[in-house]
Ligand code: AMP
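Next up: a single chain in structure tokens, the form predicted on its own.
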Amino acid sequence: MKKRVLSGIRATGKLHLGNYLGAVKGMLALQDDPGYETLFMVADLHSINSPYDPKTFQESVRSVVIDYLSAGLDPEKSTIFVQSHVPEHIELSYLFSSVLTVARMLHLPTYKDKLKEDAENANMAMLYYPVLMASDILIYKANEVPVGDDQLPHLEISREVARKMNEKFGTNFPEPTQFKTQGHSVPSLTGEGKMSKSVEGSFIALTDELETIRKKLASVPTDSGKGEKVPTEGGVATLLKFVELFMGAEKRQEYENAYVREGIRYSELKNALAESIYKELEPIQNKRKELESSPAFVNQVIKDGAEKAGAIAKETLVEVKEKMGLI
């Protein structure tokens, strides 16, 4: 029997390297594996728990679908769908909320961070985020989820929900695990934290041209290029991580050796790195241009995806409602 995998990205603008390396690349590796059934979601409901513009929101949702297809996700091999087009997600999440305590949700580090950052916008939807995420995953009985390390506390909620539902109502949910991709933790260009669309200057978008990538890498903070010990955090560590991801582990080792010997010339490193990143992004950008001129094809992918995902979701929801005595 095939293992089922689900992943989703929020509709908060065009995708960046963090999304690509942390989620999309993992799905690309899995969709050609005959041992897996893959579902890829645009998490539009998860996108409205922070300020957004309703007038341009559909454009953002569609943009993520186009990014998925441009990066190589194939609707013949993977189910590509928009979260809100499968309303069973919300209904199942409410049923799941009956086995979770408010205290448990308030203790999540992600919610605590949000309260510190922006208490005014720390809404109920933000607190509810992991419950809906549990529903997203478990409604498809997904075994593995390609998520970044920052999402592990939320994934643990999905595992808890599966255990509690199975124990209390006799359901048969698997306890999902993280599917680690090579870039499961992608650092910010600022040298602090992870790459994020919400932090200006922290990311490289999949649509960035070579010159834009060069400029963004040029702004990554560095040191003299030489020292007794290779830095493990900050801008230099970020650059070395990207060298490994786009130029290979051997190239990273070369730079690390140079750092403790003759020294690194960062202008050369950054230029070579920009070329390597753009080399991987150029075919994605060319495919994106094609898809933007084929709206009917994109519409059909969205429609077909909702039907395929909806058929699985309906089946799970009926099963849970029967076990809970609701039907």
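Just so you know, these numbers come straight off a predicted model, no measurement behind them. From 1 onward, residues are counted along the sequence shown.
Although not depicted, the form predicted together with adenosine monophosphate is the subject of the following passage.
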Hey, in the predicted bound form, does Gly305 get a heavy atom within 4.5 angstroms of adenosine monophosphate?
no
Find out whether any non-hydrogen atom of Ile9 is located within 4.5 angstroms of adenosine monophosphate in the predicted bound form, and reply yes or no.
yes
4.5 Å heavy atom contact, Lys25 and adenosine monophosphate in the predicted bound form
no
Check whether Asp150 has any heavy atom within 4.5 Å of a heavy atom of adenosine monophosphate in the predicted bound form, and answer yes or no.
yes
Contact segment among 142 to 150, 157 to 165, 76 to 84, 95 to 103, judged by heavy atoms lying within 4.5 Å of adenosine monophosphate in the predicted bound form
142 to 150
Of these, Arg252, Lys194, Arg214, Lys180, which has a heavy atom no more than 4.5 Å from adenosine monophosphate in the predicted bound form?
Lys194
In this chain shown alone, the residue from Thr207, Thr110, Ser185, Thr222 with a heavy atom within 4.5 Å of adenosine monophosphate in the predicted bound form is Ser185
